[in-house]
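Below you will find one chain, with nothing else, as structure tokens; this is the form predicted alone, and questions on how it binds or moves follow later.
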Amino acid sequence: MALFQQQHITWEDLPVPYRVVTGHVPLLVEELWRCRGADAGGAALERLCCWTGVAGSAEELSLTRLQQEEEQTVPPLRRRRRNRCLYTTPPVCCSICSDAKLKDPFSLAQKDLQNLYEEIKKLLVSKAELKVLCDYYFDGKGKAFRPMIVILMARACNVHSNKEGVLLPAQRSIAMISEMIHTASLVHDDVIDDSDTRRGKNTINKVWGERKAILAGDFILSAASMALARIGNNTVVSVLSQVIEDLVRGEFMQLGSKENENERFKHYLEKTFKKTASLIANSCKAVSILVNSDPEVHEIAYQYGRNVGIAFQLVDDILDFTSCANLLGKPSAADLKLGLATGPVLFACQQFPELHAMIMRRFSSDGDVDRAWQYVLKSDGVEQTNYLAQHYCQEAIRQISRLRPSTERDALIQLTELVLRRDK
């Protein structure tokens, strides 16, 4: 049985984002299917399996696709029944459209987020100087992006589980814990990167020194761990403990790079997940566990957080090239100065191979940062990275749309657009 029509296409003919999106195998296979190239299409599919680590050959993937198409002709009563608790996913458009009637996600979660930082400060019981350090970033001026997602996901899962959307105290505690873990990681990151500014003001290490900054970050993590233990759910403890491990592993991954171009992008996306998206994904999963025993619901919450988290960081990497320091609250081109090759640079490297040597020496030679900056601006690196972020947001929408309709679910859908449009 022939899978593709005779129209030759090579792996390199595919749009770059389709060649680099780790975990988006269905999307990649769909694109290859549309290309319908007999020999080259099959070879590209084989390379896809090898590169992403997906088990199975191109032939097996092709048979799966054919079985899916044949299933459409089978009478409904003979098809395998789907989980009735989940909603059929609507098709996702190439562009993410907003609905003026939808309530702003931040406004919707505002009531639940009231006094969040004050309650966090109460958990940071310590002597005078340590308390001042720990309270420094909990001044209420942060975006509270992570707690907001956790609150909305909790309420959406509660509605889905026939709990009338009432927020459980333990779910709100997870929102607080997520912000504490995030803030502790920022304190440690600033020490590692020797950063001077964060959120428009001097960093803790700049004001009090590296040693005290490290201790402050450790103390915030310990307070978060104690709050987590008080929830009393072993599964939730295990899920959120994974975040700490991922943060450390992600930081170690950031210290290295890969020689091979495909491996380098895979390395970048995995590092992005561990450093940024893991916290959002596992926090969303944790609040779903508290109210629903269905593993499919847990996976929906996790995958939404994962995809939104990666998209959020991709946009952050774009802003390092497109936004001014005043908006960011930190110097622009900061990643290049730290020797980091983010999405825009990796995409630009395909048009300007000169970047390869700079990436491997972590932009350490005189003039490397300026030249790399110019190469990125001359390339379509920013555009390609934005395109990739859109695909992650589309996958997030596809996942969350499987939950029962609710105001909070719709707000999580709208949030993907805010992630893509943010300028700081």
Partner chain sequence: MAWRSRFSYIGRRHLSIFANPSPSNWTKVVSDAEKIVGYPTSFMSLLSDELSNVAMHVKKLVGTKHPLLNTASNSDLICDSMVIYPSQRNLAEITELIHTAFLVHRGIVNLKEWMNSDGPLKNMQFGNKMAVLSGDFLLANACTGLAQLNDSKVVELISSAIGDVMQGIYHESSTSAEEGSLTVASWEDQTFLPHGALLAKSCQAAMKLARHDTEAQNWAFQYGKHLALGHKLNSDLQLFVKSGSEPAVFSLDSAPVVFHRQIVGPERWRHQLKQVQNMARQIDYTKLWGLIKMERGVSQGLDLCSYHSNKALEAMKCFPPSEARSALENMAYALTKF
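Remember, it's a predicted structure, so these values are computed and weren't measured experimentally. Positions refer to the first chain, counted from 1.
Here the subject shifts to the form predicted together with its partner chain, a form of this protein not shown in this document.
- Comment: 207-215 is the region of 151-159, 207-215, 312-320, 170-178 lying near its partner chain in the model of the complex, near meaning a non-hydrogen atom within 4.5 Å.
- A single residue from the set 260, 241, 115, 107 has any heavy atom within 4.5 angstroms of its partner chain in the model of the complex; that residue is 241.
- With the partner omitted from this view, the residue of 290, 123, 333, 130 that lies near its partner chain in the model of the complex is 130 [heavy atom within 4.5 Å].
- Proximity of residue 219 to its partner chain in the model of the complex falls within the 4.5 Å heavy atom cutoff.
- In the model of the complex, none of the heavy atoms of residue 166 sits within 4.5 Å of a heavy atom of its partner chain.
- Taking the partner from the other structure, its partner chain in the model of the complex has no heavy atom within 4.5 Å of any heavy atom of residue 303.
- At a distance threshold of 4.5 angstroms between non-hydrogen atoms, residue 143 is out of contact with its partner chain in the model of the complex.
- Within 4.5 angstroms of its partner chain in the model of the complex, the stretch 239-259 places a non-hydrogen atom from each of 241, 242, 244, 245, 248, 249, 251, 252, 255, taken in sequence order.
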